Ligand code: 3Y8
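There is one chain below, alone, in structure tokens, taken in the form predicted alone.
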Amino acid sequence: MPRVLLLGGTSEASALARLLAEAQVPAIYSYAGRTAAPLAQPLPLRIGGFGGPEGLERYLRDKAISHLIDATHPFAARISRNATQAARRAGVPLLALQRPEWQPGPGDDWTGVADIDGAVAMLPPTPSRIFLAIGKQSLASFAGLPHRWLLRLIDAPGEPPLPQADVVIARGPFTEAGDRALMAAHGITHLVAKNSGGSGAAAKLAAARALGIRVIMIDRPWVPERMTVTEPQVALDWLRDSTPAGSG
């Protein structure tokens, strides 16, 4: 029987956790700990960092982990890089479960940028109304700009994250109609988003298309090449296929 460490925090990770629990596969679900109230999971939870690739390698060995599945957010590049190193050093098979990137379609007004600094540079110099749909980790990069901000966060901030910011506390998935109403009510002129992919957060892109709002899309960060699937069921199939018959 395999023993799995699932690095989670996405809807795909939650779906895979349910499949693992239903299949009675021994597994541990790991949260990075950046969200104050993470979603409950049907697996034993571990919350917090590992201490770099060395710490993760020790954890894999100490817990006799046979398979590592990285289903973290596409922008959680550090843990993905650490997982690649740790799995290689510990001799543990690694699979990435990652949603496909979004692609612009007819009617979209997208500008791609490489990173947060690129997004900052692409905003207009005159005061505008910007929907920053990038989470809370990189907001400081936008401080000092003359804009009015709309922020949608999972957890309420302890203090205003940016001057002239309207903060909405909500957890997806969202709807196109809801996002269209939200963006229209705030007079949004630009949407800054990370190319996370998936359906749960795509409503804002459809809303921007309908409202003629310009989108500044931040590319995913680099991670090492690894075996990658896009569906939780395929990840479960990989786990079964890579486990020797009769093991456990």
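All residue numbers refer to positions in the sequence shown, first residue = 1. Because the structure is predicted, anything quoted here is derived from the model rather than measured.
The form predicted in complex with the named molecule exists for this protein as well; it is not shown, and the discussion that follows is about that form.
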Review point. Which one, 141-149, 86-94, 126-134, 103-111, holds residues whose non-hydrogen atoms are within 4.5 Å of the named molecule in the model of the complex?
Key: 126-134
Review point. Might residue 161 be said to contact the named molecule in the model of the complex, defining contact as any heavy atom within 4.5 Å?
Key: no
Check your understanding: Contact between residue 184 and the named molecule in the model of the complex at 4.5 Å, heavy atoms?
Key -> no
**Study point:** 4.5 angstroms heavy atom contact with the named molecule in the model of the complex for residue 33
**Key:** yes
Review point. Is there a heavy atom of residue 200 no more than 4.5 Å from a heavy atom of the named molecule in the model of the complex?
Key: yes
Check your understanding: So in the model of the complex, are 67, 222 and 242 all sitting within 4.5 Å of the named molecule, heavy atoms only?
Key -> no
Check your understanding: For the stretch 173-206, which residues lie within 4.5 Å of the named molecule in the model of the complex by non-hydrogen atom distance?
Key -> 173, 174, 194, 196, 200, 201, 204
